[in-house]
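Take a look at this single chain, the form predicted on its own, given in structure tokens.
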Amino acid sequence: MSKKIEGFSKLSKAEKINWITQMHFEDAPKAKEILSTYNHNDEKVQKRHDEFIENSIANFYLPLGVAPNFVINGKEYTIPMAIEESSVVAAACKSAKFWASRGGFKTQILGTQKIGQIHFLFDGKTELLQSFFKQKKQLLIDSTSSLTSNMRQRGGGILEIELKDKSDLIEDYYQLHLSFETVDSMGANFINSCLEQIAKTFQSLAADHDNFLKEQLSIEVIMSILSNYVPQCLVQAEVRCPLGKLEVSSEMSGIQFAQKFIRSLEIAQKEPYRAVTHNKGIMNGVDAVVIATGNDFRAVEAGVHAYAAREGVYSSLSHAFLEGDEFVFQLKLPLSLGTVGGLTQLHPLVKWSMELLGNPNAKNLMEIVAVAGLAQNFAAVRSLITSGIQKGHMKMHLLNILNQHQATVDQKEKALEFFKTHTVTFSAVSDFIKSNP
């Protein structure tokens, strides 16, 4: 039987679910029951969720946790984190508590510019195109005045527009490269609307340009789109403390810990295989807060990893060093975030998370997210160079393993007590369940 269907998007939600469960599942009633369980009881809330995307059939829940005791620039925060991975929230809490008694986290916004590009082809002389662009540059910007008026009133808008010759990469290929300030908005829709208007104006002006007409030249716009690579939308987070206060293990002095920590980051800076995992640990914290605050974690991930490879080799995003008798640990991240628009005013838990953070503006949120990444990185590296990553991680993963074995409440209680002093592995838990029916 064919599983193709025409007009699926036009079906009601109930009809979609009936077709899916009947065509793709052996036990259709059970499959339908699972979807029903993960639809919200409040019809208004569920309707709002359904309108976020196309063909919605249920909600895919992630746990929302909180990490208290963060001190950022002297202010106390409890940070929301939406994530499924065991130990991430616990690690953030541990780092927050450790650094709260050592001056907390310090942050600095290094830039807030975002980028958009119009990619086009021109088969004439570059000098002719440059002259045309110089003449029409202001007209191009002015063509977006109706789109940018509200943003300009808030202190944003188009900052600059440049012509870039990329014909060494692709024959006849050029760009209009624009920088934007979008204030508290992530700005994707704003930027793309401006780009498309400028592209339309650019082509129209070119079609009537005397020098182009004489030589039968034209501009062919290929596409107009923002870039998720935002190396000028940058935030730095930092912790530092005297070596004498860097007591993390009874087996290491402060200086021994610092030296080993610094060496581990040198490895992540030079060895891409390690750098990828190192940076993934940073993104455990970053993504969890980005998701909880309704921002686009895919865009953030893409931009961050491009930044990690900006010098031609993929490398660590964080750095550690000694400055006199102080240990310093820093992280720089390109983060394009918004606190207005998108899901920030639509998703109830996003609004809740924003209020938990004190309703930050975009710059404040950049700082909070960077701190979450630095805290997560510190916790991971600390574990790696002391007890090892698995000891703490597998303790947190124990409940997941017990649930996979469908352990009873009594078995869970006994297992939690037993594995306080025993190594957690999947096989060890399996054996424990078998011996404690």
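In case it trips you up, residue 1 is the first one in the sequence shown, and so on. Owing to the predicted nature of the structure, the values given are computational and were not obtained by experimental measurement.
Below, we turn to the form predicted together with a small molecule, even though it does not appear here.
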Using heavy atoms and a 4.5 Å limit, would one call N284 a contact residue for the small molecule in the predicted complex?
-> yes
The small molecule contact in the predicted complex: Q269, any heavy atom under 4.5 Å = no
Looking in the predicted complex, any heavy atom of R274 within 4.5 Å of the small molecule?
-> yes
Partner contact for E326 in the predicted complex: the small molecule, 4.5 angstroms, heavy atom | no
Heavy atoms within 4.5 Å of the small molecule in the predicted complex: which stretch among 22-30, 57-65, 43-51, 377-385?
-> 377-385
Only one of E85, E215, D172, E247 has a non-hydrogen atom within 4.5 angstroms of the small molecule in the predicted complex; which is it?
-> E85
Residue among K164, K363, K280, H319 with a heavy atom within 4.5 Å of the small molecule in the predicted complex = K280
